[in-house]
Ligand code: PAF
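Shown here is one chain on its own, the form predicted on its own, set out as structure tokens.
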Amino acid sequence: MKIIRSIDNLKKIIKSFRDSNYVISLVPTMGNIHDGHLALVKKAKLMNTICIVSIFINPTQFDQSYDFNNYPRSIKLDCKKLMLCNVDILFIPSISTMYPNGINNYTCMYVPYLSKILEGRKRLNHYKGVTTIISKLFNLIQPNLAFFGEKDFQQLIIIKRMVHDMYYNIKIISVPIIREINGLAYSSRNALLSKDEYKIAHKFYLTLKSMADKLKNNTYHVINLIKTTTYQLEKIGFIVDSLYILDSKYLTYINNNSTNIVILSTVWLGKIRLIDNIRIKITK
């Protein structure tokens, strides 16, 4: 595994691979590598590609400096994990490399509407920061394939829209959520949970799963189901930040014709914000 920090070196080595007609894949991360990230890497390797992983904690997608400063960092361990998975290139740029004019004076990429709804209503600049850094990585690396997890489902939909609208010749491959044995979705923020918080964190998923079962069986009224599930989560000890039942294709409200549905939810457990979703196929 080659560790690269400069853009010039990155371009040189990518050119050598491209000249040899290799298929190039990209797995963008913010580090603190866990099994969810490694599932993306393994998928890329199974497809016989040159796998490039980026680690960059992107300051422009954090609404508060506190969250950015406290985001888990474990670069040495990350390198070991990625090396064991036979990653070809690990790109670790600095903030000044990715934002040469500073984080308060940068050209941005913005996907309208989708970036303003749901999570975007509360985290005003979050998705602008995400799409900006992903577009920078796409422009630098020009991968054939890019791999994203489905845990942040709204982010996945936004990136697919950006690729479509900006005519990027990149295939986006999504990988289902990877969960711990108890059902908790892998996340870098899980490491920040206290022991007591971790003991109940998996009940977030179990409660959403019960909600999904009711949707599958058509034994629900959407508004009442959301109210009931919110009450159940808060009784456990979560503070519900958002809970939606939406059409999974365009993140619009469901109707009688909706067959592909997604439950999207974010909750607070202490000072840690957890995110999860469950996709459902409804048979009419």
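The model shown is predicted, which means the values in this text are computed figures rather than measured ones. Position 1 is the first residue in the sequence shown; the rest follow in order.
There is another form of this protein, the form predicted together with this ligand, and it is not shown here; the text below is about that form.
Trainee: Which of 254-262, 28-36, 237-245, 223-231 has heavy atoms within 4.5 Å of this ligand in the model of the complex?
Mentor: Selected range: 28-36.
Trainee: Using a 4.5 Å heavy atom cut-off, are 24, 49 and 138 all in contact with this ligand in the model of the complex?
Mentor: No residue of the spot touches this ligand in the model of the complex.
Trainee: Among 185, 158, 133, 89, which has any heavy atom within 4.5 Å of this ligand in the model of the complex?
Mentor: It is 133.
Trainee: Is residue 204 close to this ligand in the model of the complex, meaning a heavy atom pair under 4.5 Å apart or at it?
Mentor: Answer no; every heavy atom of residue 204 is more than 4.5 Å from this ligand in the model of the complex.
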